[in-house]
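In the block that follows, a single chain appears as structure tokens, in the form predicted alone.
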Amino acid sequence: MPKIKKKGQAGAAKNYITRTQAVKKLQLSLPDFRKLCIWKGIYPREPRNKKKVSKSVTASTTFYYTKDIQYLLHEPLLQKFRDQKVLEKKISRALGRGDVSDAARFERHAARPEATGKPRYTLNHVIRERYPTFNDALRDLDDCLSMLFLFANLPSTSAVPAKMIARCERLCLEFQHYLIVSHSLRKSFLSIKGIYYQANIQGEDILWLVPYKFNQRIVGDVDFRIMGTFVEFYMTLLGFVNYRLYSSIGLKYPPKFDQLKDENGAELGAFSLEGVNMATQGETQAVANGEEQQVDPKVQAEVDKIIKQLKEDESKSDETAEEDAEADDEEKPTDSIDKFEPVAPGGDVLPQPAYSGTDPSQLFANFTFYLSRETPRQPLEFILRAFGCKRIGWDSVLGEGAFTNDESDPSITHHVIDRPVVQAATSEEGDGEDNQTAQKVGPNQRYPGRIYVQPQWVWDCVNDEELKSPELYAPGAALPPHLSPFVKAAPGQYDPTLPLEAQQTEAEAIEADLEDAKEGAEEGSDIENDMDVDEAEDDEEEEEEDDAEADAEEDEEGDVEEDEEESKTLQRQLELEAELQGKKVQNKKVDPKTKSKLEHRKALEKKAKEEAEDLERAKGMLSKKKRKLFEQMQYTNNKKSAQDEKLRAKRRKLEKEKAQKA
């Protein structure tokens, strides 16, 4: 006889557990349960059939996997939460007895765990469990960086303590220093939400968002307790990642931090990096903003010894290479680079390798920048340093850490400015002098021999990996469109970088030409009407004389056909109507070019109609399932095509307005 299964011991009823049951099983409060689930990566699950799980289920019931809750029973953090609960009970009992001194002692020991010798809980073991390898941690770094950069810009409140904000800011600046030293930053984009950055760390692309430096307003509809739980986990994660990254390039972690400089707004300049070995000394000097560093003579002697030994090894290897070249009479390898060609026509176009004359990581290495007060100093400083610039100056009101605070420093090559054009000062004789060539510089005047650009120039140079023409980004100039470097244009879609003629369809081009011709004809008719209003009286007299002559001719010639008479009366009626409206009768003559375009448009419409009929006949051969799938694909493609057509029409209108203004 088979064993009888009891209800609720197998299937969905056993695999799922409600949140209330889970909280009772773990003997935790609801806030502690939320914390534990967030840190351990356990999320609610939706069963296929809620009625099979429990008959008393409602729409708001939350379910978890029973195995996940069973896994939480062995978590060491449970004991920490229980100890905290016991401490709270002790404090409440002491206050209930009126023993304030004991309650203060318990609270003091809870606030200072070093006094009791029992540290607070740490999430180190949770990080090691959730991320077995370093690449797993890098893949999950996007949300971590976005959240920490957000909290680093928030004001301190009761929900967001100042210590958390300072910790987030310090971890973010340490991560930025790694990107500067390793030159791992690749792209950046200015959006409405903030500034997007993309870095490549050990083969992993990491994209995060940094808000602008505005005064943030804390609203009440955001639960900062839940966000604070995530931030607490992400701070531990980024600390682990920073330690591993610094160790990989031979730097000590954590770097030295100058509290006084940080209070004066130095930010990146408040950190001083130290190398573990001698190979990193050149890199640590690169982030010192051009300041000279003292070198230990013993270390310098060892470095010179190693360099001398390396040179000897290179000379020996060159000699052996020459001997091998003389001995071998085989073909010499060419310096040409292999090209990747698609196997099938219409395949993916692969990026072709090319000789790089310049290193993108050293794009701004030879320049000295000065940032005006109105420019965003923090993102500009970070991007310029990440791409090789070692000398960046700014006004003293923006904080410490600048290469120079003197705007008239002759070593400055590029001046980033974001204010209206400053006109050249007029001399006493009345001759205006150009700003770029002026020798006497007054207040708010340009300095000679210096390139003035707007901040967008830095971002566009970084995204294109080349120095853009500064004339396009001069102060007061209409800037070129700032396009996202993360969007790759698919074939057939609208691409803002290509000219309009290269991507518009044939029907759109014909329609645009016809509209232009129509507008030109309307403008011509308006001009002629204005001229006719001035000469209305002369036209009336001439028309009366013509009518009299026409009547005389009609009397003389009685053999005129009826069709001609009707056409003349119709023409006369049109002329009279035009006289009453103050306009001139338009001759119904069509331009040959316009006529050919109209015929071509009709041919295209006929062809499109035939293709649609053929497609409908072909769809009839498909099964019902495949036909529905094909119709969904068609709907999506038509929707995208309509959006692209709308963008092209908008661009065509803007170009037309720009041409009229010019």
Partner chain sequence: MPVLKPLSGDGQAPKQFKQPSRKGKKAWRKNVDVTEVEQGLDELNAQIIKGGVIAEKKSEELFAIDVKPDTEITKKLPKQFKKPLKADEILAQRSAVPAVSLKKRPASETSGKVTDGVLPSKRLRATYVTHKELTRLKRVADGHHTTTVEVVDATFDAWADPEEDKKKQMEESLYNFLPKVDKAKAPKTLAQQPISLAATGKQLPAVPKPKGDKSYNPAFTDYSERYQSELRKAEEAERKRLEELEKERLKAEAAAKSRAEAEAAEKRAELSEWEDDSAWEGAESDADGLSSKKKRPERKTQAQRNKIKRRKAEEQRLKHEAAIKKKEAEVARVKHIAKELELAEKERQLALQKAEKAANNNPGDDTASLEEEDDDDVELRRRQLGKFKLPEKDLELVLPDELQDSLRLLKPEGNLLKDRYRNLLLRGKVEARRHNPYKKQAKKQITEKWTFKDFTLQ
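Under this definition, the rigid core comprises the largest set of C-alpha atoms superposing within 1.5 Å between the forms. Residue numbers count along the first chain shown, from 1. As the structure is a computational prediction, the values presented were derived from the model and not from experiment.
What comes next is about the form predicted in complex with its partner chain, which is not displayed.
- Of the candidate stretches 400-408, 502-510, 450-458, 383-391, only 450-458 has residues with heavy atoms within 4.5 Å of its partner chain in the predicted bound form.
- None of the heavy atoms of residue 263 is located within 4.5 Å of its partner chain in the predicted bound form.
- Using a 4.5 angstroms limit between non-hydrogen atoms, residue 368 is distant from its partner chain in the predicted bound form.
- Although the partner is absent here, residue 636 lies within 4.5 Å of its partner chain in the predicted bound form, judged by heavy atoms.
- Residue contact with its partner chain in the predicted bound form: residue 122 places a heavy atom within 4.5 Å of it.
- Distance criterion of 4.5 Å from any heavy atom to its partner chain in the predicted bound form singles out 376 from the list 376, 360, 470, 250.
- This chain lacks the partner; the member of 82, 482, 572, 109 within 4.5 angstroms of its partner chain in the predicted bound form by a non-hydrogen atom is 482.
- Along 133-151, these residues reach a heavy atom to within 4.5 Å of its partner chain in the predicted bound form: 133, 134, 137, 142, 143, 146, 147, 150, 151.
- Core-superposed comparison between the shown form and the other one: the Cα of residue 630 travels 2 Å or more.
- With the core superposed, residue 647 shows a C-alpha displacement of at least 2 Å between the shown form and the other one.
- When two forms of a protein are overlaid on their rigid core, residues whose CA moves 2 Å or more are considered shifted, and residue 140 is not one of them between the shown form and the other one.
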